[in-house]
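Same chain, two versions here, written out as structure tokens and called structure 1 and structure 2.
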Structure 1
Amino acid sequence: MIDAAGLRVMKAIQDEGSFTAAAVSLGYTQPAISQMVRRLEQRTGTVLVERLGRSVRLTEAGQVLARHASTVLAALDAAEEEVAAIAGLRSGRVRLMAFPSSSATVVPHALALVKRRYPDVVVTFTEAEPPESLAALKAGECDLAVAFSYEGIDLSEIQEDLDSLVVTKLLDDEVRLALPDGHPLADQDTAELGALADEPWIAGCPKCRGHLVHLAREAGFAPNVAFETEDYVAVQGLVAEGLGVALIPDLILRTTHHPSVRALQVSPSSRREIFAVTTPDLARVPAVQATIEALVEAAEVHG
């Protein structure tokens, strides 16, 4: 019934004292104001201005509208400014979820980049393995996920999700074989997985364990998984003590490498892909875009 434009006009009339002056101050022509007032008057069913010969003056009802104008216009401006701030990266929030081994390397670097460039953009960060982070993304609990997929295996499995999501490749992460220092193969650069068929294995997260099983099957054996932990420091500790061997992504080894653990190339080589995932809508949010860009740059450094 009554809108912000009407209030703005009434306020201008009160401030300027005439239709013409109000029109100038609002960048309109005089008849525009004249008609606006007439429309307002017939909508509200009241007289809003007194027409004196030379100038005009607001009636009580007109003054009511002019008085409320400030409130409404201020709130409207505030809303506009807040949105503009988000659009202009002077504000904004990104809820990021990443899996543990990325959160030690690429992610902190990217967060630092974002913070340096856009100090007022807040990136909140939660650790989560790919299945949960993607679920959270779809549930609207996060805006951006850093996930991985072992090449050729469950990539196609997630693919069904990925076609409705925006995926940005960050880096390839070589999977290496971790052996204790005194192990017979420890001095080699490369080892075939089949040569370790009889060793006890130490597995990481469920997804990583799945990958191990897959690779082992291709090498012709079913691994004897003696330990299971998501903590790769613990994995390396177990390996160092000679309690088993493990597959460890290179990204982790570059961060924390136990001195008594040898890391060999696996043959045939296996890698996991790490990428940033978000929804098509969120991909167009400036703060999310900025975070993805920072992740890409951080990945180049760590690649």
Structure 2
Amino acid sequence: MIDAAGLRVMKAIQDEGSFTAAAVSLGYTQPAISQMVRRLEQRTGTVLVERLGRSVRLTEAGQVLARHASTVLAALDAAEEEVAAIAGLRSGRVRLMAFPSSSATVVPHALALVKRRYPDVVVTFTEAEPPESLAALKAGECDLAVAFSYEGIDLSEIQEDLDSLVVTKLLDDEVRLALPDGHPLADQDTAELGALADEPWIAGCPKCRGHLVHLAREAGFAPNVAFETEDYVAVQGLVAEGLGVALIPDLILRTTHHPSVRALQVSPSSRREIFAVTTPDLARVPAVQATIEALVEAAEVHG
């Protein structure tokens, strides 16, 4: 096997014309150069250097190695510089996936922090709900996922996946009950979920619908889901027009709140946990770690 050190020795011998001069140029001893040449000849199975008194001359095989050395060593030097840039956060790429409601709040703030602190680190972003983002992370299709689970409901369903990953908690997000102005309960601060058993409901993503069904079951009824949309702006529009009621996380209400929608505390209360997830190996990549730190900082602002 030909290594980089052997190639450097062959090029130095060609350039300097002797073992002694090659040793001086590389900072080695003359015996070390001789030993490296012998090792390289053993590995290649042929003579690489012809000794002529006090001078040496490369054989045809030695000249081939010296000729290719410049290109190979230049490529290695470039690779080392790129890796050093990534390690030093002078470069790097992070593929981030996050669920939609975080992409309007925590994620933009975090991306702005990364851009300001590390201008040459590129973070690409794709929206995906937690089942898809965690699957993409395990498949190597992203480097970092922002996901969520509803308290006491579905965390156990994804715990097996999370056990093999690095999980950083970002925040707890309270879930509110959204009612239209004029609803009989709209003037209350808190509403019992069971009091809304006969209302039409507007459900969001599959996990959010599962959360609604679970809470309703605990309250003694099966919700009549009249509309389904993952767009929380559309959810609030439907609620505002009196077409149904809904559960909406605080994270959404802090940034987009329809003026004709009342947000109440719901009893029993519920919240979801939002976290950043990556693999153990990627967690050691400086650009990934920097993005996680930015997400934590952004979550403190939006939590």
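This is a predicted model, so every value here is computed, not measured. Just so we're on the same page, residue numbers count up from 1 along structure 1's sequence. Just so we're on the same page, rigid core means the largest C-alpha set that superposes within 1.5 Å between forms.
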Only one structure is the form predicted in complex with the DNA, namely structure 1
So, superposing on the core, is the move of Leu295 at the CA at least 2 angstroms between structure 1 and structure 2?
no
Val285 C-alpha shift between structure 1 and structure 2 of 2 Å or more, rigid core reference
no
Rigid-core frame, C-alpha of Ala234, shift of 2 angstroms or more between structure 1 and structure 2:
no
Given the rigid core as reference frame, how large is the C-alpha shift of Leu7 between structure 1 and structure 2? Answer in angstrom.
4.1
Let me know the CA shift of Ala61 between structure 1 and structure 2 in Å, rounded to one decimal, core fitted.
8.1
